[in-house]
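Only one chain is given next, in structure tokens, and it is the form predicted alone.
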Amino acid sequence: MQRKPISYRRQRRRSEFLWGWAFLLPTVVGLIILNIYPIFYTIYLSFHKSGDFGRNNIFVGFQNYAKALKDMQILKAMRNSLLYMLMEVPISVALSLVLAALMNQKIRFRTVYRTIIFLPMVAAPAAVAMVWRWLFNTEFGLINHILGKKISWISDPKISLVSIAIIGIWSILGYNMILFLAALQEVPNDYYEAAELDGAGKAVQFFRITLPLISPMIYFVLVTRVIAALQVFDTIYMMMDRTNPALQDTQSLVFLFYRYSFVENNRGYGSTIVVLLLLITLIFTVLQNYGQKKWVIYD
């Protein structure tokens, strides 16, 4: 068989190289403009005091960070973000896992149930907030009507963050369930058949076979949910009015960033909050990455 000339092979490699970069270029440019550049610019702004109309920024070094670490509002928002994460992530992951296991069984109307559970993910956040504001309404809310009590779900500082967490759990159940369903359907049925022959019940099969084999997906969901929970903003923004007495007990770090950066036009201080949130997120991600070596099974 006659080989192609060297010039032809070089021209083909060059053509493949150029076409490859042509397809990659939009993604690379978008990544640089929308992700990488904003990260470095935010860090840059965190060392400056915002000037008038976004110009003439004044370099202040670590003054913003020193101020932020003493700011009680930021410390309280940090506490709120962490409490929200500790409430939303474990409960949503556990419930999603149970729902996925149930929806993986052969039951009637399984597709309908899956669709209903997943619907909150495709609903507009404004519509979700409007529905839950009605459900949590102190005077006319459906929940209080069923309980026969007048509970201030949103305006009581003691339970307002719990109410926000309930909305977060309800909103993310369907997404987590789909991820767990995909993992469950990859588990070979041979394991369950062998376990049944050995006399293992459903509970033993779930904890000894199902959980270990889908542990990589559980780890992925945990990491992504922790990151998302620490960045909670839209639910708080749409549920809590500025005059709400419980606002201080529910506002998150991202909510404070929005307020300082876009309401008070103090982008330098707002950027400092973002960098602190980034560091907290990195710490949790590193801890999870270290811990997963002890319980995640990849083989």
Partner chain sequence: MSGHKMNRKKGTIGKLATSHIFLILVSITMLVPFLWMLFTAFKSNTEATSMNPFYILPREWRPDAFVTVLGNYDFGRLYLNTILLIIFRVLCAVLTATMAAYALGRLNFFGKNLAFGLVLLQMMVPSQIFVIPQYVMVSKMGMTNTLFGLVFPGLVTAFGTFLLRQAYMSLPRDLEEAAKLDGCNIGQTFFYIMAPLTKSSMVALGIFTALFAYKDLMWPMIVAPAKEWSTLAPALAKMQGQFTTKYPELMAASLLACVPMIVIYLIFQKQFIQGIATTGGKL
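So that the term is clear: the rigid core is the largest set of C-alpha atoms that superpose within 1.5 Å between two forms. Remember, predicted model here, so these are calculated numbers, not experimental data. Residue numbers count along the first chain shown, from 1.
The next section is about a form of this same protein that is not shown, the form predicted in complex with its partner chain.
Put simply, of P212, P157, P120, P90 only one has a heavy atom within 4.5 Å of its partner chain in the model of the complex, and it is P120. Among I151, L82, V162, V98, the residue placing a heavy atom within 4.5 Å of its partner chain in the model of the complex is V98.
Residue contact check for E196: one or more of its heavy atoms lie within 4.5 Å of its partner chain in the model of the complex. When contacts are judged by a 4.5 Å heavy atom cut-off, S271 counts as touching its partner chain in the model of the complex. In the model of the complex, no heavy atom of L86 sits within 4.5 Å of its partner chain. In the model of the complex, its partner chain sits within 4.5 Å of a heavy atom belonging to R12. In the model of the complex, the residues of 114-133 lying within 4.5 Å of its partner chain by at least one heavy atom are, in order, R114, T115, I116, I117, F118, L119, P120, M121, V122, A123, A124, P125, A126, A127, M130, V131, W132, R133.
With a cut-off of 2 Å and the rigid core superposed, V263 has a Cα displacement that falls short of the cut-off between the shown form and the other one. Here L287 does not count as shifted, since its C-alpha moves by less than 2 Å between the shown form and the other one after the core is aligned.
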